[in-house]
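So this first bit is one chain, no partners, the form predicted alone, shown in structure tokens.
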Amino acid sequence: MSKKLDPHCEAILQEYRDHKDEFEKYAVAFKQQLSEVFSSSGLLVAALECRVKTESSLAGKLELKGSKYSSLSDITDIIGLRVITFYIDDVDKVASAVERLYDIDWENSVDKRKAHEIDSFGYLSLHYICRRKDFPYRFEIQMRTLLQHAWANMNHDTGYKSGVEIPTYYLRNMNRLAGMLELADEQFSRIRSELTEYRRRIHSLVKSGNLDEVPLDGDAFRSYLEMNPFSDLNRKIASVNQAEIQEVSLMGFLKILKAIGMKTLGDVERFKKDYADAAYQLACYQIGLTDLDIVSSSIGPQNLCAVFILINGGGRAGLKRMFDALNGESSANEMMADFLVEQAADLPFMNKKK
């Protein structure tokens, strides 16, 4: 049972009670403000939490060291927020956003990341004590990574709540685990940085036209599509009926192109050049006698893949696999494949093949 507080501490506690609703309101407002800033800057965080110190927690703090506080405004964590990031370097990005939003009490803020004791991993948070002009009390914002947060919670549960001194053997194992988690934290950030640099390099190669140097993968194909590589063929096909072109995502063709042997964007460029006439012949047969006035932007790459499969002996089975990959497996895909084989049978590119 807690001791009875002296009159000074009781007055501070009463001030807290008088403003409790206001603290709750501001805690939610600060959280919302941070969320909006992160969203507008494209900064993705794992979690954003807020809380108001409970009366029992404040009473316990006052019981231990109430004499150091002249009033409630001397206590810096009545409102607390915690921002949990996925990556180490995002902690500094969050800190930068916080610095732009609030006045920072640098004297009372702590960067625990600089304290590299052997067992410090879960406590490497960055703690800012903040002020806002329309609010007379300071508040705390803690920033740390998801792995640091997980470790801090696990270590708290195993190390402090039991009330039993932990044997050295277990402490050693826990510290080894902390080291592994710290290494994982660093490696995740390093991998992200390397992938970002890889994407920049690929994007630069695509823009420069050095396509034979660019492996066919998701990032490369996405950059390639930004150049609208199938637009000339699509416009030519659309002109048959003076149709409009409806733009759709073409990323689904990546797996088709890889399945038929494309390894680089240079391969895709040569494939496009070699099979464009046949793809156009097929489209003329498909839509030439119709009144179709809207075509999908997928018609060009789909016909390119279809004629490649037919010319290279893939037949109905190859076409069905293509439609399965694009649309999901369905019995309708077999019917579409049969229909396409019949359409193409008498076209010049198939006769030339024979």
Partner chain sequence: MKVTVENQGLETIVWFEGRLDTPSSLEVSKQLEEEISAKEASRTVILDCTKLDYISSSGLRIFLTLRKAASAAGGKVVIRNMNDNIRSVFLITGFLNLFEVF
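Because the structure is a prediction, the values reported are computed rather than measured. Positions refer to the first chain, counted from 1.
Just so it is clear, the following notes concern the form predicted together with the partner chain, a form of the same protein that is not shown.
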Which listed residue (Ser67, Ser57, Asn327, Gln32) meets the criterion of a heavy atom within 4.5 Å of the partner chain in the model of the complex?
Asn327
Could you check which residue among Tyr87, Phe253, Phe230, Trp151 gets a heavy atom within 4.5 Å of the partner chain in the model of the complex?
Phe253
Do Ile309 and the partner chain come within 4.5 Å of each other in the model of the complex, heavy atoms counted?
no
Please check if Glu213 has a heavy atom lying within 4.5 Å of any heavy atom of the partner chain in the model of the complex.
no
Is it the case that Leu62, even though its partner is missing from this view, gets within 4.5 Å of the partner chain in the model of the complex, heavy atoms only?
no
Would you check, heavy atoms only and a 4.5 Å threshold, whether Asp293 touches the partner chain in the model of the complex?
yes
Please identify, from 221-229, 279-287, 96-104, 173-181, the stretch that has a heavy atom within 4.5 Å of the partner chain in the model of the complex.
279-287
Could you list which residues of 239-256 come within 4.5 Å of the partner chain in the model of the complex, counting heavy atoms only?
Glu244, Gln246, Val248, Phe253
